[in-house]
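Next up is one chain by itself, shown in structure tokens, the form predicted on its own.
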């Protein structure tokens, strides 16, 4: 499934609308097994050299929004390291080939972000293998739908916060001594930070924390010439949803609740990551950019 992102067209019909088939997957899920397969910009994204010579680390770079950002960065001239879970290797292999097809250096670093030690190793390896680091893009996240607080375990609550919030803290802390003036950190929140769903009692507050953390960090690091911004997506068609992030009944109608009546495709998120990574956004820091299909942020 592809769409030309550059020709004017009706955004309501640009990509598939529900109803979608039920398609349960074990965590963390694979993009290659989704129906329809998401568009990450594999054939649709065109680069214009806006990130020439840049060196990026993207978490969750195997699929979903992270994959779309990694592909776009490479086509804009950046070398890219991606992180993902070992179970996602087949998706990651596809991304590595796409990055290398652009003549850019690709680095694959599997591992679990719930470990502080691994987060430190991840930043160090990305910096060493890329020959520097000037873009840290935190996309990886954990989401599991639970109907009632009575069913939400302390273990799940802890895992969600470690993946979504603690990892962001550990990665930022490790990366900042390496980042030069002009570098950028881009974090990924969600519409859930502002319009939380009843079934995402652990996930939604992690996204609120990401917004507050990023705004505070942006003020702290600006004197060093480093910018920090946030992308807050709405419902996007990624393995996060089909592997337990939503119930299968919700998956069938996924995206129908927003004004556009469809989920976003990862390729539709990539341009905002490129803009925030590039020097074109040099006067922007501490801001949150919604990509929500019409569910506007406050």
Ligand code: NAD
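Positions refer to the first chain, counted from 1. A quick note: this is a predicted structure, and the numbers were derived from the prediction, not measured.
Not pictured, yet referred to below: the form predicted together with nicotinamide-adenine-dinucleotide.
Enquirer: So which stretch, 199-207, 218-226, 69-77, 128-136, is the one near nicotinamide-adenine-dinucleotide in the predicted bound form (non-hydrogen atoms, 4.5 Å)?
Expert: Partner-contacting stretch among the options: 199-207.
Enquirer: Which listed residue (251, 51, 272, 240) meets the criterion of a heavy atom within 4.5 Å of nicotinamide-adenine-dinucleotide in the predicted bound form?
Expert: For this set of options, the contacting one is 240.
Enquirer: Heavy atom within 4.5 Å of nicotinamide-adenine-dinucleotide in the predicted bound form: which of 172, 163, 214, 184 fits that? Just give me the one.
Expert: It is 163 that has a heavy atom within 4.5 Å of the partner.
Enquirer: Spell out, yes or no, whether the shortest heavy atom distance between residue 60 and nicotinamide-adenine-dinucleotide in the predicted bound form is within 4.5 Å.
Expert: Because a heavy atom of residue 60 falls inside 4.5 Å of nicotinamide-adenine-dinucleotide in the predicted bound form, the answer is yes.
Enquirer: Is there a non-hydrogen atom of residue 94 within 4.5 angstroms of a non-hydrogen atom of nicotinamide-adenine-dinucleotide in the predicted bound form?
Expert: Contact check for residue 94: no, nothing within 4.5 Å of nicotinamide-adenine-dinucleotide in the predicted bound form.
Enquirer: Given that nicotinamide-adenine-dinucleotide is not shown alongside this chain, does residue 41 nevertheless sit within 4.5 Å of it in the predicted bound form, heavy atom to heavy atom?
Expert: Flag for residue 41 set to no.
Enquirer: Does any part of residue 144 reach within 4.5 Å of nicotinamide-adenine-dinucleotide in the predicted bound form? Heavy atoms only, please.
Expert: No, no contact at 4.5 Å.
Enquirer: Which residues, if any, of 81-111 lie within 4.5 Å of nicotinamide-adenine-dinucleotide in the predicted bound form when only heavy atoms count?
Expert: The stretch touches the partner through 83, 84, 85, 88, 111.
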